[in-house]
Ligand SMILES: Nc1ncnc2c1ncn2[C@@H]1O[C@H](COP(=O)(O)OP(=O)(O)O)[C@@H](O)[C@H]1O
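Take a look at this single chain in structure tokens; it is the form predicted on its own.
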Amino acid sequence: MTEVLKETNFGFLGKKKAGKVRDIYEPSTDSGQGSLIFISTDRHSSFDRIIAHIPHKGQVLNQVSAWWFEQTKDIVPNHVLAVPDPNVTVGKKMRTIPIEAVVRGYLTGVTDTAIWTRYSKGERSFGDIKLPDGMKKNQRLATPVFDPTTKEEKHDRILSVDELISEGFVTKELFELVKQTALSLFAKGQEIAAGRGLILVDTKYEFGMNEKDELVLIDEIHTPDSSRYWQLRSYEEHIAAGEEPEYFDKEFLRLWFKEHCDPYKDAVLPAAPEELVEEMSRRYIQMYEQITGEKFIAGEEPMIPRMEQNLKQYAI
């Protein structure tokens, strides 16, 4: 049976912060710009909690992101210092810019912050773009929309440019730089994705500033978790038939939990069915291969000893 990486506890790497999917270590003890070690686990998060562990998911996310960082480094420098293990990225620590740079290329989505949800409620202005009446769900936008949110502990908010500036999230100059860089990354992402038979529908970027006050891309880029992808070959046909586009779908696992428990309130959740977990894993691997054009090769198991060996050089 394939091993899953649920968590790590590498005391030799320093202080750990556990995110939803990644364990982040800060091995540097200096007060300047140190490094961070990002370990992508196989945790799968929905309903603000972990609902399953998906074999190979962490490796896929880490390696897809590393691939995209390499493809886009001509647009903006990134934080990557090394990828010493299939599940690990070592990045330079930056001063984080507290906004999520969301870019949307299509009128879609079902959450409260999704552009289709807001459009269907009558909203027409998104950033500096005003959309016409009469547009349909999943329609391509004439121009991609830069639609940032705040990045806060409690709840991310959608604010206007003036509000982001007046509340001190960014300066006007930095906002414009982030916006133009995000739109350039998205254009490059859409171009490359199209060559792989994919539509990059929307995504989010995170940025930081280095010691020279230069903009740097951090976190992750164009992964199946941070981005929405549709299959290009069937898009027109599905839209013409009034159907949803063919997409990389994680929703089936969420729906199973909603049908079998109350995932927001139940203290203990049932285990996800093995066949659904295997199908989710297969889909992540398929996305890796379609995006990168490379065959997926699973990292050696057992995983923890392998990672310890590969991370020895970063011991504090």
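This one's a predicted model, so the numbers in the text were calculated from it and none came from an experiment. Note that residue numbering begins at 1 and tracks the sequence as displayed.
The following text describes the form predicted together with the ligand, which does not appear among the structures shown.
The chain is drawn here without the ligand; in the predicted complex, the stretch among 137 to 145, 92 to 100, 159 to 167, 233 to 241 whose residues come within 4.5 Å of it by any heavy atom is 92 to 100. For the residues Lys188, Arg228, Lys179, Lys151, the 4.5 Å heavy atom test against the ligand in the predicted complex is passed only by Lys151.
Residue Leu36 is the only one of Ile50, Leu36, Leu269, Ile285 with a heavy atom lying within 4.5 Å of the ligand in the predicted complex. The ligand is not shown here, and in the predicted complex it never comes within 4.5 Å of any heavy atom of Arg104. Not displayed here, the ligand is kept clear of Ile304 by more than 4.5 Å at the level of heavy atoms in the predicted complex.
Ile24 belongs to the set of residues with a heavy atom inside 4.5 Å of the ligand in the predicted complex. For the chain shown alone, Gly19 is a contact residue for the ligand in the predicted complex, at least one non-hydrogen atom being within 4.5 angstroms. Scanning 210 to 244 for heavy atoms within 4.5 Å of the ligand in the predicted complex gives Ile218, Asp219 in sequence order.
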